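Provided below as structure tokens are two forms of one protein chain, presented individually as structure 1 and structure 2.
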Structure 1
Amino acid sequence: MAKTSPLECVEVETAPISRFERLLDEDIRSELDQTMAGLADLMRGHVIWNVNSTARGGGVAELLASLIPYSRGAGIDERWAVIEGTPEFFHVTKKLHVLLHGVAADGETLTEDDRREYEAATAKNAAALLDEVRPDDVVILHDPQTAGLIPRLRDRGIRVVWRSHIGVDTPGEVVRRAWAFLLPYVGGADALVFSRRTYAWDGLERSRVEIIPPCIDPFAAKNRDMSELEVSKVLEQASLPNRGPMVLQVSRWDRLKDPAGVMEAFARHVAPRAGALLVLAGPAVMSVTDDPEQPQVLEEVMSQCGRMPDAVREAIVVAQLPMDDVERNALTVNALQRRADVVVQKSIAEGFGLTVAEAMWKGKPVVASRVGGIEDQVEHGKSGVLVDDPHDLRTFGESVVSLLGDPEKSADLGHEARRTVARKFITPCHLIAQGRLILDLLRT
């Protein structure tokens, strides 16, 4: 029979889970081995399908690219397919995405035409997928773009997990209306996965909701081990400072990351009391970018820096990291995080905050605002320092100064930080959580 339409299948490599052995505590190591072996056994002859809307770019593609090779390495036939759609379909899903974040323009809403467009595209993709999927396969659908496939797969008796990678802590009316658009599809899934408890929608059957936080890949260029010599070389090549003490924030140029607040707190409360350098690093901003706010925020940061007294200005580096070579960019971030004495994330709001996990993994003491997913990662006083009010410059600055002056405390916090990430937020943790979820589904 001719195929309904081509679904792009993304090539994925195979990687051995044994490479994590030396990074894991004994209990997690054996949990990983058991879960993966159990899953390989139950899924023999069947496939775990991941379906999302893009093969490249964005956090979900990055997550899949880093996870699937390990399942394959453990003998599980896990695959990755990408849906196709017309520009009109992607216009609707973009609108949906924005509404789910509650940031729609006044009165913007999803119409019946939008629903028709959405259903037409998802029906085509479901038909194409059903050409490939066998009855005892499991399908993991990622994000709102794919939710429309759920009912058609369920009608054929396929087990379906729907995974949302986005969410807001306090949903308003706009967000709830976007949920209402998706609920007819999502309600039928066997399991619903969210990144944080607060992201799970009201009105979903609680017993089907699972929480799986994002994870970082310890072997990726962003996080892999680096010798001090390599750190120095990478920083020199990028013309970045290679001396300390260094306070670092890595973020997109976004007001919610509050680079202006970091600089102000540094000028008022850190620079007068510690001879430290502040590095604010973010992506190089092109004149043409898909995020029109970034150049503006960067411009404000630069001019704010220019107005500082000479001594303070000389202690601040606003670093634009080139994005054309993704690997080089990741290595530069890695080197900066390793070179820093204190890593800060003074966000006003935060989804998860991968930069926090990345710094903690490198054993760094973190000073961060107690917002969003940062609170899931840092235990105040144990694995970092949390500042309750993200606008409190004094507490923020004083926390930084106190860590700069106390290497022992910094080392203790950093040690505990790395342990936390090793137990909760690296690739194996995700493999275990998702593996268990699928095992539960298969056994019921």
Structure 2
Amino acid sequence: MAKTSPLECVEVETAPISRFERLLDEDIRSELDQTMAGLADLMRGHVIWNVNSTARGGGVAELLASLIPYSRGAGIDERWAVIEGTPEFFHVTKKLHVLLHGVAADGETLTEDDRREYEAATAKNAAALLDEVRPDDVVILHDPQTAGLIPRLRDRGIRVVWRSHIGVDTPGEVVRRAWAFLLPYVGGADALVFSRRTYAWDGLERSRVEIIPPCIDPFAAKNRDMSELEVSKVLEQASLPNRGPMVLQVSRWDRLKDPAGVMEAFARHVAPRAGALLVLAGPAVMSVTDDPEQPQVLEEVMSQCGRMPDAVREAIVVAQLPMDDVERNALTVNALQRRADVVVQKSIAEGFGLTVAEAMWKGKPVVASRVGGIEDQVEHGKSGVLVDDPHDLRTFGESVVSLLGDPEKSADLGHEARRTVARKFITPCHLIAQGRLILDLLRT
């Protein structure tokens, strides 16, 4: 599709769905085949569109890049479009993102100027999308950036699914302000998908709410098997360390991921006792266009690192991973996760946290905050370690030190972690759930 407007179409490859056969029980394999065949039949001559705000960086872009090829491989014409917007628009959507996690800077509110900016950008993108979408197509819109497209698409009789990848278990007034901003748009969708039941908003028609957790693709560059030799080569090419006990967090440069807290916990409670290395890895900050705060957060992290005592500073690596080569970036994350001895995700708030599933798939012990979808993935003491208070630096640090000093326990946690992901959080689970949802919409 040629780009003639604010809409960008992402080129997506095709992948054979048959490659999952050896990973699935017979009943799941049969259900996958039946669901995808039925969907391909009903969608023949029509398109499933996925629309979000960035083609790279962040869990949604990675999810789409891993899911869509298998739908296409099953004979379904599924495509991916990316909206565009001004810096002011992305400032508004970043504010929404943070508020939906229950966090607000002092005095930060959503204003009528914010609404005007939001609606102006979504109107342009809706017009561009309507140049391509046909009445019997299905459109899946992802996250707050796209919610404003819903009314215009529904006015044309197009079936619309809106999917929120973020949320909180106990919404307060801050969260409800963001809901109030978005409800006039979201309320008109045919179906509303959340990652957890507790994330579904008040004021929505419950019969239209579906729960579908995200997933990882075991065969994607970020998750496929790698030999120790390949891990070493990839890390060497990326100028990343490959030595000693390694503690790793991979995330966007986002205050909700708390890289500063990870560094402080490491400096106070890990470095003095374990002689380990900390690697904080995230995307090159100028490569993710829908999050204007990343450069500032990275600068804060670098400044904090620079103030550390020499011995601690030398044990910390802050790595910006280039995004211009998506496969190379994914292989680098894969190599880091496989090289790490302990993977942490010390999020203050989290929608789901796919980096946790990625590490678990690689058989790594995970120490993570008991927030959001992380709790759905990690069973404390069985497939990882959950810390009840994400601000509790001592418990985080002591949990990491304990695992570094107990390889047998780490291996047991990692083994169970991989089994959990295979049962619940790989691509076929998601394809079945989403396929059923679309089939239900098409048959009504």
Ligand code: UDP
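Computed from a predicted model, the values in this text were never measured in an experiment. Here, residue number means position along structure 1's sequence, counting from 1.
- The form predicted together with uridine-5'-diphosphate corresponds to structure 1; structure 2 is the other form.
- Two rigid parts of the chain rotate against each other between structure 1 and structure 2, and of Ala121, Met226, Asp190, Ile426 the one at the hinge is Ile426.
- Relative to the larger rigid part, the smaller one is rotated between structure 1 and structure 2 by 24°, as taken from C-alpha superpositions.
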